[in-house]
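Listed next as structure tokens is one chain, alone, in the form predicted alone.
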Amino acid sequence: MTSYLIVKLCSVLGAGLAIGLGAIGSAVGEGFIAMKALQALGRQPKASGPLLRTMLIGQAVTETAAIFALVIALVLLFQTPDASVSWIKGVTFIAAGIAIGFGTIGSGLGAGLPGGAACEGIGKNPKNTDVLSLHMLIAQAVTQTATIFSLTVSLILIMSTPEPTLTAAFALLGAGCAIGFGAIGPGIGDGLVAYNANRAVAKNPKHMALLTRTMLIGQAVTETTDIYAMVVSLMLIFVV
């Protein structure tokens, strides 16, 4: 089997890993938002307009993680390596698929949590729709940090041209696993912080500024482990 065929097969496998795993978190997160919206609609049928709008906006942001995974999958799927390409390039493609595939699971789940909390809050008090929607968007934006780190490492892996050694191959796979698995916890953790912050805003909208500051601090600390994962991934790519 030629190196060209190996690389091409690896690019296809990497694309499958990217979108196959990358769709999980966003799908569950979007379903959670819809579930909370329906529960709120049963409590406040007259708030159908604000609830539908908040639900769709929240789901659109939650979809971001899966879109990043789709972009990487398409990049991998349409790779056209030249005939002289080394087999190690195929390893970079598989590692890129692992990085973005697993890396989007946490962010997808995490982004759905504040979206669901916003719908829940609107169901209890529709007058807080604007405040809850704004707070939801701020919270969801932070949850996407883990996916952005994974996307960055995936792109670096795709563009890298390492030496064709066994050590390099395992280092590249390790880099994909480091950021891929390392991004799951921070994404979900950010979402848990945001979920409870949104619920608190629903109860005390006048204290939104205080609650938002506290939420952002909590999310920032939660993200530190994701930064560790990215640093180790970059070291495995460029140092080992």
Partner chain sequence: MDEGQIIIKAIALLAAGLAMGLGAIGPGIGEGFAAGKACESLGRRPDEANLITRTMLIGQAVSETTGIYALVIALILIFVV
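Here the structure is a predicted model, which is why all the values come from computation and not from measurement. Positions refer to the first chain, counted from 1.
This protein has a second form, the form predicted in complex with its partner chain, left out of what is shown; the following refers to that one.
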request  = Tell me, out of A47, C177, A34, L70, which residue has a non-hydrogen atom within 4.5 angstroms of its partner chain in the predicted bound form.
outcome  = C177
ask   = Out of L192, L38, A60, L52, which one falls within 4.5 Å of its partner chain in the predicted bound form, going by heavy atoms?
value = L192
ask   = Heavy atoms within 4.5 Å of its partner chain in the predicted bound form: does C10 have any?
value = no
task = Using the partner position in the predicted bound form, report whether L210 sits within 4.5 Å of its partner chain, counting heavy atoms only.
result = yes
inquiry  = Given that its partner chain is not shown alongside this chain, does M159 nevertheless sit within 4.5 Å of it in the predicted bound form, heavy atom to heavy atom?
reply    = no
ask   = So in the predicted bound form, does any heavy atom of L5 sit within 4.5 Å of its partner chain?
value = no
Interface segment, criterion being heavy atoms within 4.5 Å of its partner chain in the predicted bound form, picked from 24-32, 193-201, 38-46, 62-70 = 193-201
message = With its partner chain taken in the predicted bound form, which residues across 214-228 come within 4.5 angstroms through any non-hydrogen atom?
response = T214, M215, I217, G218, V221, T222, T224, T225, Y228
